[in-house]
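One chain comes next, on its own, written as structure tokens: the form predicted alone.
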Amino acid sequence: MTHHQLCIQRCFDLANLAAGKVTPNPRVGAVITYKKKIIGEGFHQYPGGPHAEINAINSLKNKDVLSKCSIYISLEPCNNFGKTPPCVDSILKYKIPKVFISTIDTNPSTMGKSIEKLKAAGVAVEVNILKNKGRKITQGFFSSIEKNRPYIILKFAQSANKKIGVANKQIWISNPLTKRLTHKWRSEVNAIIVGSNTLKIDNPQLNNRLYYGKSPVKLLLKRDGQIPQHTAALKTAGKTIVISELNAAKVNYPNTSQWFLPFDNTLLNSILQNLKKEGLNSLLVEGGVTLLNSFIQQNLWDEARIFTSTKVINQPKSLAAPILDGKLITTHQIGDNNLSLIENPNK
């Protein structure tokens, strides 16, 4: 890697410290260098709080040196007044002469305007350093703007003979290591959804218990609204949303709300639009097979994370795993499970 790429990579590392914590804002990291040495850094830590550039600037006791420094940022600095002033104005205020950016902010309120403002003031600007990685860091933010929906991740485990489970029976395919990894993913997304069969058979808690960080908002698909009191997801910390048909029974549990939606071919899009309104820009689909196939059939997915075990399922009423027409990005061996990361080329 070049020096510029290494500094931008450090921005990504910083940004990832806020995974799942800053929605609906993007996660952003920034570093400040003097004579090619990092002397300040920061990241956006919570919604409404100082942005990465401001935290990096404020990490310096002697701000006089900024006029001789470079700043590296994983995303184009903001150009508009929101809950905080424009970051581009702070860069100009301290006369930072060089700005290096991974990717342009596609939010219409910014979208290159900050870069134009910096250049007009005589600041040297370089863009698109590790651009694809930069977009990956802020994938939920970009998806909300560009696709008008959350970034959607499908996750499931399958046996060696491509079975996802057995009808009306709980069966474990993943191992303790992959289970922990799944909890890490839960800490990084804003919401998680399961269908009614998974809710009934597996009774999942749907929270993050095995990794650092928060738990996602839990979405439970229950057409009739009849959620038993013993439902584990109702007892774990965090918000729960029950999604039911228009005339379904009303739920009345603590920290639980309900969306009444038509259970037809518009259901998934309606859910996604509601998530966007709530400021939730990433969704993990954990099953079951009917729900996963519905997202696949409507081409409502961005990536899939599939664990394939060495186990074989030959029991009666075994369920075939979903079939994806996607691009294999990479694979990892995790104990007796092989993890495949697949991207949707038609998203």
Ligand SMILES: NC(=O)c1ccc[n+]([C@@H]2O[C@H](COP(=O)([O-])OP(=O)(O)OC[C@H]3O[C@@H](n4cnc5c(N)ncnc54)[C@H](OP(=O)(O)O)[C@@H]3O)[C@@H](O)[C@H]2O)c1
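Keep in mind the model is a prediction, meaning the values are calculated, not measured. Don't overthink the numbering: it's just position in the shown sequence, from 1.
The form predicted together with this ligand exists for this protein as well; it is not shown, and the discussion that follows is about that form.
Contact annotation: of the candidates Leu154, Ala157, Cys87, Val242, the single residue with a non-hydrogen atom within 4.5 angstroms of this ligand in the predicted complex is Ala157. With the partner removed from view, the residue among Ile296, Val289, Ile54, Leu60 that has a non-hydrogen atom within 4.5 Å of this ligand in the predicted complex turns out to be Val289. Here the chain stands alone, but in the predicted complex its contact with this ligand, taken as any heavy atom within 4.5 Å, falls in 160 to 168 among 111 to 119, 90 to 98, 233 to 241, 160 to 168. In the predicted complex, at least one heavy atom of Arg223 sits within 4.5 Å of this ligand. At a distance threshold of 4.5 angstroms between non-hydrogen atoms, Glu188 is out of contact with this ligand in the predicted complex. In the predicted complex, at least one heavy atom of Leu319 sits within 4.5 Å of this ligand.
Interface residue remark: Phe263 is counted as part of the site for this ligand in the predicted complex, having a heavy atom within 4.5 Å. Taking this ligand as it sits in the predicted complex, the stretch 178 to 205 comes within 4.5 angstroms of it through a non-hydrogen atom at Gly195, Ser196, Asn197, Thr198, Ile201, Asp202.
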